[in-house]
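Taking the form predicted alone, here's one chain by itself in structure tokens.
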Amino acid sequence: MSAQGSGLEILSIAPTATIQDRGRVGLLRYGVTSSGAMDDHALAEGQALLGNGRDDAALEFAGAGGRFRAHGTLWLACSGAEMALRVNGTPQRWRQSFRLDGGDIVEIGAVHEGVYGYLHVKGGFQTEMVLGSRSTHQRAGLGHRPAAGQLLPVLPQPADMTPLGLPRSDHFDRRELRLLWGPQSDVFPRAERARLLTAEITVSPRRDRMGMRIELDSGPIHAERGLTIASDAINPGDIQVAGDGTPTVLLADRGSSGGYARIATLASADMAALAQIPAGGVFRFRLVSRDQAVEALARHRRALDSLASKATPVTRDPRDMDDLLSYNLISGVTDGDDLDLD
């Protein structure tokens, strides 16, 4: 993908950046895990801001973004963890859609809060489909890996759209996450399971799209029997415990199977909230039933579906308008001859 034609040219980009959509579904039996956006709420935010489809692909950044040049008119939006955003050197608001003209430069810098930020384009980035998805799975070698010098292809863009904005999501503030006991919870003594529910838990710097190590303030978790088991299928959110007692929450790019005992599984509805807790962040777990977890997921999905109805037209600050004189800021002005002053 050389920098010719229309699209978004990558001038520089963080090495952790990937292309992500909702991921690959139904391929676990072939050893292929889902991948997909780490924060599905953020992915849905971008779709709502641009009127995109649910499966359209975006750029996902972890901690820092990159520098890009528009080739032709583009409509973009940023979502997820707020990051420093500039267009042609001018700071822009996060979580809203905006237009670039050919030659315009957009820069996405360091994250302000959270971990994963997203850059969307109208119609989604048109990188190659692999096994039904555009998601990058770096360890498996699937999907497109963005790099400097590439031109990310896009669909034909509208000449005009109404810029939309969304409020900040409260899942960045969540510090109580729901879990269920896992498939091998019975190998852990009752006291160890109780400790998982009462501990203050810190996110370790040892994290990536595959998994997140977590540390209990009361120390490692100990099993009653051997920590290794016959390998079986792994689900996103499974919390496996290694031989040294360190728990790891398995995430989007996890392996398809594993042999460590899994003490618990994070509720699917809370995966986005967990992904946005930075290294050093502290949270707690709360035990829920399967029915409660299913209902929470249903509410989560309804919330994603309702985002489009919450997107509102952006009111621009006149100080941000370089072409202020081209805007009709006042209407209804007359010369006074039509007024009856008697």
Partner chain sequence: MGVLVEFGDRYHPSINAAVLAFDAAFEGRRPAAVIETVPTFRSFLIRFDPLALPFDTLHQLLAEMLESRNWYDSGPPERRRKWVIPAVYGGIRGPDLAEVADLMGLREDQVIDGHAATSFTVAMLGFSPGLAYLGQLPEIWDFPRRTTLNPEVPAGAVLVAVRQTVLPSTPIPTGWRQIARTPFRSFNPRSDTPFLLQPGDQLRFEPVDEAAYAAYSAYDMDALLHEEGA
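Quick caveat, the model's predicted, so the values are computed rather than measured. Numbering follows the first chain given and starts at 1.
There is another form of the same protein, the form predicted in complex with its partner chain; it is not shown, and what comes next is about it.
Novice: With the partner absent here, would Val25, Ser256 and Arg301 each sit within 4.5 Å of its partner chain in the model of the complex, counting heavy atoms only?
Specialist: Yes: each residue has a heavy atom within 4.5 Å of the partner.
Novice: Out of 289-297, 306-314, 46-54, 59-67, where are the residues with a heavy atom within 4.5 Å of its partner chain in the model of the complex?
Specialist: In the other structure, the partner sits against 289-297.
Novice: Heavy atom within 4.5 Å of its partner chain in the model of the complex: which of Gln184, Gln157, Ser133, Ser169?
Specialist: Contact check passes for Gln184.
Novice: Quick one: from Ile229, Ile105, Ala223, Ala242, grab the residue that has a heavy atom within 4.5 Å of its partner chain in the model of the complex.
Specialist: Selected option: Ile229.
Novice: Classify Gly280 as contacting or not contacting its partner chain in the model of the complex by the rule of any non-hydrogen atom within 4.5 angstroms, answering yes or no.
Specialist: Gly280 lies outside the contact set for its partner chain.
Novice: In the model of the complex, is there a heavy atom of its partner chain that lies within 4.5 Å of any heavy atom of Val32, even though the partner is absent here?
Specialist: Val32: contacts its partner chain in the model of the complex.
Novice: Residue-level question: is Glu128 within 4.5 Å of its partner chain in the model of the complex, judged on heavy atoms?
Specialist: Flag for Glu128 set to yes.
Novice: Contact between Met83 and its partner chain in the model of the complex at 4.5 Å, heavy atoms?
Specialist: No.
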